[in-house]
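Coming up are structure 1 and structure 2: the same protein chain in two forms, each one given alone as structure tokens.
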Structure 1
Amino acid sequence: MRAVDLIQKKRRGGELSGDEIRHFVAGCVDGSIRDYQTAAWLMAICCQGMTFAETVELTRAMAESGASADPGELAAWAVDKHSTGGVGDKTTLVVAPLVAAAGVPVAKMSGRGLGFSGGTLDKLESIPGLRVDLSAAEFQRVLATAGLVISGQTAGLAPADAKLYALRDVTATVDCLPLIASSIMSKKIAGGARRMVLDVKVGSGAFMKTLDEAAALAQTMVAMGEHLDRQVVAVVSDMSQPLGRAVGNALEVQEALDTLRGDGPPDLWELSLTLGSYLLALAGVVSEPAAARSRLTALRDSGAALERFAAMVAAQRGDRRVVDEPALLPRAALVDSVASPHTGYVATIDAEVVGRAVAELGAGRAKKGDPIDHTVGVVLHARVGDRLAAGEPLLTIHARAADDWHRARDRLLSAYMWSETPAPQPPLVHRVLGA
């Protein structure tokens, strides 16, 4: 089989066989198929789509492109949580230690930032020394030690997804349902968890802009889970404005730590509580999600969840002191606030505009392999529905230099729309599938 023939077949709307998909994925991993050919194939998929059968085969091929963690060795009831990506979405850093503190092993494979959406691995690497490039053996060791592991797709675990993930980020092929679904599910299969909760984002700061698109992606992944013998719950949550207040890698780590201490933004805590409750229900710890909320809250209040986070940081060679001393996180050279230009109510905050502004500050990548700046970002002081007087602090920008700060200020101010009357808060959770 030649790569060019498979690209042409998909470009013309043909359905690829399982053998053809496995051949292409293997070539991506071993280098016999070049990046420019893979990029063309991804664009053809983005334009023509994939059938459900193709999407399942792509997921299998990506999951089997390297070693797989053995769920029997990890834990028979390990669970996982994944987000389709959003702006300010640091729920993994809150949910995973909460659930692990409840005695349920959390085996998670995560990704890096895509486009305007931040990545869990980039956020974790804000912690000095912390490693996310774990081998299969290290992945199992950390899980056994801390009851919680968050790793990336190394050469051993789902390497095909790592390759395709990075190329999608720089070829405008991120917002494609079969590519999103196969990326997420392949990591879940390779990571070994058989029970998972998927946080499917919808809104301006998500790759799925409409509720219909998000529901279709959620339903596809729930169906794939059934097909691949996994229990899947998909929560469709709102991303029409950034989640929480902090957007940027080190800033989001600090906000997650604040939330685990009980001092975080209410929306971040509420969504983390919802996702964590479904994970405990899937693990059989509680009979239904509603019964888990008080238990998770108690684990936060007792400090057990924060201690679990610290154990994971230490097991992955990070500086454990960061958990108690967030000032050890890297800091931007220039930190300054922006005043509200209006008196009135915040009507909307375009999350995508905020995400792109933070990426341009240096928190995101313009091309594959670009380094990122963990220190930069923004902290929002008002949310949709809040009232401000002109001159009150609207947001605080963390930048490397004055020119960066001024460009970000102009872009960020354009994300806001104002109203003279109170604006309704969008619902945090739109629907739940597969429960």
Structure 2
Amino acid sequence: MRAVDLIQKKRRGGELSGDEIRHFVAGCVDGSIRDYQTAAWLMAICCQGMTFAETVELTRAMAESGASADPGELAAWAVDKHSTGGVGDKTTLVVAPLVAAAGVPVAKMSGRGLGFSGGTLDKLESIPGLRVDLSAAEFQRVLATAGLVISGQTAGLAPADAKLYALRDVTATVDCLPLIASSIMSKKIAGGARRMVLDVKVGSGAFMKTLDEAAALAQTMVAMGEHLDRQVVAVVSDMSQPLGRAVGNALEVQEALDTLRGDGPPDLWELSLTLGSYLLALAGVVSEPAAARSRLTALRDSGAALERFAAMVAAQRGDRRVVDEPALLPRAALVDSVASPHTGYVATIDAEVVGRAVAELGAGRAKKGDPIDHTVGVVLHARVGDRLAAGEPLLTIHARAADDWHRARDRLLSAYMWSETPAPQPPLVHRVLGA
């Protein structure tokens, strides 16, 4: 089997067999197929697409490309939650402790931010001392201790995904449904997850810009779950404006803690309830997702969920005092608010523009491995549909220096569109599949 023939077959729109896909993925990992051949193959996939059968085979080949995780007994019945990435998306930090408090173990491998999109690991590392590079043994120990663990992917898991992702990032082959679906699902499968809720974001702050694209991705992953013996629920949720108010690492941790204390933004709480309900249903703790809502609310109100969060922080060697003393989180040197330049209704807040502004403040990275600043970011005081008078506080920027602050202000103001008449609020959840 020659790589060039497999590239040609895909270029011509042919359907690759499981053997052919396994051959390519294995060759890509062991280096017998060169990066330029893989890049050409990825572009041919972007242009010609992949059938569902090919996407499943690609996922399987990637999942089996490295070591298999032995997640341990407890993780075998744990649940997992994954987001396709957005701006201000700190849902994991709220949902995971809520679900753990309900007695369902949550074993979650998270990622780092890239481009305009944040990552859960970066956010957690705002907490002094907290470690996210757990070994497999540490991962199991934290899960057993706290009922909840959030860590980076174990080394050696699905190396094909790491390899392909790095190439996709520099060859304009990121936004392609079969490649996105196989990347997400292969990591989940290699990690041992059997029951998962996928939060598929749609809108300007997501990879999927239209509802059709997002729904197609969600549908594909739910169907892949059936073929690969995994239970998958996909929630298509809105990312046309940032989620919650805070965007930036430490600021988002603080907002998640506020939310677990009953004091968070309503959209973040509502989405957390929705995702949490499906997780409880998947775990068999409730028969219907609707029944889970009051239970999760009670676990918030009792402080049980916050306690789980604190237990996880402690088990991962972080300073658990931050849970009660947010002042222990690092804070930017310059914090100042921006007044609304208009009187009127907020019609849109372009989430991608906000994400890029915050990344430019230092909270994100242009390429893998870049250092980030946990302190910087923005807190938005209004959401789409809110009415403001000129001069009222619109947002607060946390920056390292005045230059940064001014640049971010200009960029952030450009994210807003205003309306004289009441503007409709976008729905928070567009669609749920697989439930």
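Note that the rigid core is defined as the largest set of C-alphas that superpose within 1.5 Å between two forms. Counting starts at 1 and follows the sequence of structure 1. Fair warning: this is a prediction, and the values are worked out from it, not measured in the lab.
Between the two isolated copies of the chain, the form predicted on its own corresponds to structure 1. Relative to the superposed core, residue 131 undergoes a Cα shift smaller than 2 Å between the two structures. Taking 2 Å as the criterion, residue 23 counts as shifted between the two structures: its C-alpha moves by at least this amount when the rigid core is aligned. Relative to the superposed rigid core, the position of the CA of residue 44 differs between the two structures by 2 Å or more.
Relative to the superposed core, residue 174 has its Cα moved 3.8 Å between the two structures. Here the two forms are laid over each other by their core, and the C-alpha of residue 34 is off by 8.6 Å between the two structures.
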